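Below you'll find only one chain, the form predicted alone, shown as C-alpha cells.
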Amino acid sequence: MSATNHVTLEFPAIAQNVEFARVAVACFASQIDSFTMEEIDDIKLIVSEAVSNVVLHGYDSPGGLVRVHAVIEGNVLTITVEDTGRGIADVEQARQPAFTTSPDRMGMGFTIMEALSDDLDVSSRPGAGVRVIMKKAPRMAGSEEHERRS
C-alpha cells in the first residue's frame, strides 16, 4: 500500500471512550494488509495506554478533549494522541518504568507504548497538554521497514 490516508477523532476524555479509540484506530490500521493480528492487538494496546493516560491524568476536571490522529504513509502507521490539559512536568521521569503520580496505578503506560511501538515521542508543556506520537510498521520479513530497522 503506497497511498496516504488519515483520520482524526476528537472526544471527551472519559473512560468509556478508551475502547472506542482503540477499536477505531485498529480498524483504520487494518488498511495495511501486512499487519498481523498480533500487531493489530499491539496497536489497540498502545492506543489504550495513550488515551487512558489522558483520561486518568490529563485534566483537573471532566470535560477535556482527547484528539487522536492516525496517518498511513506507505506501510507505516503514525498515531498521535494529544490533549490540552495539565501536561507533564518531567517527561523523562514519567517515561521511567513504574513511575506514577497515582499510588493505585502501576506506572507502565509509557513503557508499554515504547515496547510495542517502533518509535515513541512524548512532548509536553505544563499547563498546555501532552502529545504522544507512536509509529508502527509491519514486521514481516523482507519488508522495507523491517530492513531499515535491522
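Note that this is a predicted model, so its numbers are computed, not measured. Position 1 is the first residue in the sequence shown; the rest follow in order.
In what follows, reference is made to the form predicted together with a further copy of the same chain, a form of this protein that is not presented.
Q: Among A128, M140, L9, I133, which has any heavy atom within 4.5 Å of a further copy of the same chain in the predicted bound form?
A: Contact with a further copy of the same chain in the predicted bound form is made by L9 alone.
Q: Give a yes or no for S123: in the predicted bound form, does one of its heavy atoms lie within 4.5 Å of a heavy atom belonging to a further copy of the same chain?
A: No - in the predicted bound form, heavy atoms of S123 and a further copy of the same chain never come within 4.5 Å of each other.
Q: Find out whether any non-hydrogen atom of S34 is located within 4.5 angstroms of a further copy of the same chain in the predicted bound form, and reply yes or no.
A: The answer is no: S34 has no heavy atom within 4.5 Å of a further copy of the same chain.
Q: Evaluate A89 for contact with a further copy of the same chain in the predicted bound form, applying a 4.5 angstroms cut-off between non-hydrogen atoms, and reply yes or no.
A: No - in the predicted bound form, heavy atoms of A89 and a further copy of the same chain never come within 4.5 Å of each other.
Q: How about F28 - does it come within 4.5 Å of a further copy of the same chain in the predicted bound form, if we only consider non-hydrogen atoms?
A: Yes, F28 sits close enough to a further copy of the same chain in the predicted bound form that at least one of its heavy atoms falls within 4.5 Å.
Q: In sequence order, which positions of 16-39 have a non-hydrogen atom within 4.5 Å of a further copy of the same chain in the predicted bound form?
A: Residues within 4.5 Å: Q16, N17, E19, F20, V23, A24, C27, F28, Q31.
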